[in-house]
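This document opens with one chain alone, in structure tokens, the form predicted alone.
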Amino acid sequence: MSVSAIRRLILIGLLIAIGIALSIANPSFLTVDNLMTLLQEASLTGIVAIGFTLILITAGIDMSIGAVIAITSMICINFISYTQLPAYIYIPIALAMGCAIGWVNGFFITHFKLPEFIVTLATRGILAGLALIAAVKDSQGFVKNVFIQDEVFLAFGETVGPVYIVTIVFFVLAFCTQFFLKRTRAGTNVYATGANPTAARLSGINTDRTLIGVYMFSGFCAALTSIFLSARMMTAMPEFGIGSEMDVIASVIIGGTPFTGGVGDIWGTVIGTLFLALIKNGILKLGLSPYIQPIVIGGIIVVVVVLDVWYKDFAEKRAARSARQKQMQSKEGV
């Protein structure tokens, strides 16, 4: 059994164990409403995490995802406030804006050979400022809380039966992205670009195009999340998404996609997202202070990264020892 499969089984076991413990501590945990809310929270983070997974597989990072949520939500709220255009026109514009921001990130990273962290951090700052400028304001210049009344837009926050639409979209998107990574040549190129970009280029893979593509997809996922988040809250504020990077990174790392690139998949990210949502929901159900959430999440990231580094070192030593043994056996055979 592969290491990723073992890790996934451990995570699923932890999910079940923590779920049982929470249901014993607080019977309201197992109610349909709470479980659907938990899945909704996981889905809002998970859609962004799907795009971020591809970024990490290419050994990159995208710190602008939260600001993309902010600016695209402001685009929608401006269309709602100042125009009579229907939602099916301005929602695609917002999604296209997310893709365009991803293209800009990828362009500067590939053509100017700039560090991914620096480029996306700069983009984050620019977009966060633009979101504040674009926010709808009252006569005194203060940000105005505009309540969305567009029924088509608000439908994105509704349910199909007991299940929220965002949850359905999350799992459909996860399935399609997993298929793309594992069953298409472009998906193979993503793994190759992250594992060894030099070798990938020498083998004929257009690594620049691959990187630009994954950053565009990351921007699209963030913009898509802004639609569901605004529909759920029935409003949009310029701080939407700012600071959400920690939850997204934690979900992907817990799911087994390391910072080193070339490894990872979407189902691991789905499990990691559910695990993180369960932890956050459990903290609230147990009546603990929500302020400890970032402490717990940060601790989980540290533990997972340490375990990844330890296992990589262990696997390298084991491979080296096995190679020496084979070499000795071959000499003895001669």
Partner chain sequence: MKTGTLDWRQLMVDFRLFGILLLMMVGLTLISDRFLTVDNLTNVLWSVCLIGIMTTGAIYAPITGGIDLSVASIAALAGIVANVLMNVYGLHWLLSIVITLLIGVLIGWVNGVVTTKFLVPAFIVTMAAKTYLFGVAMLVSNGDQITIMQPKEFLAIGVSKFLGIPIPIYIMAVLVIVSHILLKHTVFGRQCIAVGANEVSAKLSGVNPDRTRIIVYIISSVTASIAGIVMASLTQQAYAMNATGYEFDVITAIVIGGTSLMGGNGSVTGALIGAVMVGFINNGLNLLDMPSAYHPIATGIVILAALILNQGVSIPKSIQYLLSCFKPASVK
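Quantities reported herein were computed from a predicted structural model and do not represent experimental measurements. Numbering follows the first chain given and starts at 1.
Heads up, the form predicted together with its partner chain isn't pictured, but that's what we're talking about next.
Contact assignment for its partner chain in the predicted complex, among Cys176, Ala96, Ile126, Ile168, heavy atom within 4.5 Å: Here the answer is residue option Ile126.
Sole residue of Ile91, Met216, Ile80, Val119 within 4.5 Å of its partner chain in the predicted complex, by heavy atom: Contact check passes for Val119.
Candidate stretches 81-89, 152-160, 218-226, 126-134 - the one whose heavy atoms come within 4.5 Å of its partner chain in the predicted complex: Of the options, only 126-134 has residues within 4.5 Å of the partner.
Phe108: touches its partner chain in the predicted complex, heavy atom cutoff 4.5 angstroms: Phe108: contacts its partner chain in the predicted complex.
Contact of Val309 with its partner chain in the predicted complex (heavy atom, 4.5 Å): Taking the distances in the predicted complex, the answer for Val309 is yes, it comes within 4.5 Å of its partner chain.
Its partner chain contact in the predicted complex: Val270, any heavy atom under 4.5 Å: Contact check for Val270: no, nothing within 4.5 Å of its partner chain in the predicted complex.
Non-hydrogen atom contact Ile301 with its partner chain in the predicted complex at 4.5 angstroms: Taking the distances in the predicted complex, the answer for Ile301 is yes, it comes within 4.5 Å of its partner chain.
Heavy atom contacts to its partner chain in the predicted complex at 4.5 Å, residues of 40-65 in sequence order: Contacting residues: Ile61, Met63.
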